[in-house]
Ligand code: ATP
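The form predicted on its own is given below as one chain in structure tokens.
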């Protein structure tokens, strides 16, 4: 398996290096023969090539089996005419990565304030209220006068259908419970279409238990009783907000994995940002990106019919669970290790019989 690795900005290089430590251990343990190919992106690329995403990088990514993107300083990149492209948006849009899978679960040994739970938010990734990705050219936020802004949201039948199918298929592999999150009582046309398409897709799976909840009510329900939920599907912005909330309920946003998936490509990406305030201080929690890389391995294994990649993904997840339970992690989740030491601890567990067989 050939993986292109783009370390990014801020804590990106640190947590990416930690993730590669674990991937190398998984490759050795499960005979994956992973080839890791690093390229600069973000500020490093801007300084070297004059663009945050240099010409030709997209073709390199397309020729690989997967992509790992570290956090980038997206707030710094404001003028695409000067090469300041948002790398996350660029790859999501260019590779048509329409589904953002955001699992959230609790771990023994981590603070458990809301009860044990295990759920996945399936977020539409290519349209909605995200002004930088739902127009062919330009931006869908319009400054009509100095005092008036109009933000346009795009909702299409095709995008609703494919995210609905992704969520239904995932729910069938899990606990067969699908929750559709929407605001169709107010956004009657856009969310009304999304809701109806999700319901229609779910009717093809009679074993599924299906419910729909207004997004504001969902925020209350998921805080009160997160274990009630299994697979949750939502439009882009609602899914983004909800997935950050569920990751934090699990103990930390640093425990939230994230995989962006399309028909032909997938990109592993941490659920959090580049955190420049702690960059270079060996404080950053690498688990979000490590979990995201595990999701990428599982996706590749399913796509290619190679069970060893899925076994490796489970092994990484088990090793992380053991590390958290034993306090061999960073301070934000109850340990006292630094970034790389956390990765080394997870890699050691992964290489042991406990990590491979748990």
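Numbering follows the first chain given and starts at 1. As the structure is a computational prediction, the values presented were derived from the model and not from experiment.
If you look for the form predicted together with this ligand, you will not find it shown, but the lines that follow are about it.
This ligand isn't shown here, but in the model of the complex, which of 276 to 284, 229 to 237, 172 to 180, 150 to 158 has heavy atoms within 4.5 Å of it?
Within 4.5 Å of the partner lies stretch 276 to 284.
Does this ligand come within 4.5 Å of any heavy atom of residue 253 in the model of the complex?
Contact check for residue 253: yes, within 4.5 Å of this ligand in the model of the complex.
So in the model of the complex, is this ligand close enough to residue 11 to count as touching (4.5 Å, heavy atoms)?
Although this ligand is absent here, residue 11 would touch it in the model of the complex, with heavy atoms inside 4.5 Å.
Indicate whether this ligand has at least one heavy atom within 4.5 Å of a heavy atom of residue 269 in the model of the complex.
Although this ligand is absent here, residue 269 would stay clear of it in the model of the complex, with no heavy atoms inside 4.5 Å.
Partner contact for residue 317 in the model of the complex: this ligand, 4.5 angstroms, heavy atom
Judged by the heavy-atom cut-off of 4.5 Å, residue 317 is well away from this ligand in the model of the complex.
Heavy atom within 4.5 Å of this ligand in the model of the complex: which residues of 331 to 351 meet that condition, in order?
If the 4.5 Å heavy-atom criterion is applied to this ligand in the model of the complex, 331 to 351 yields only 332.
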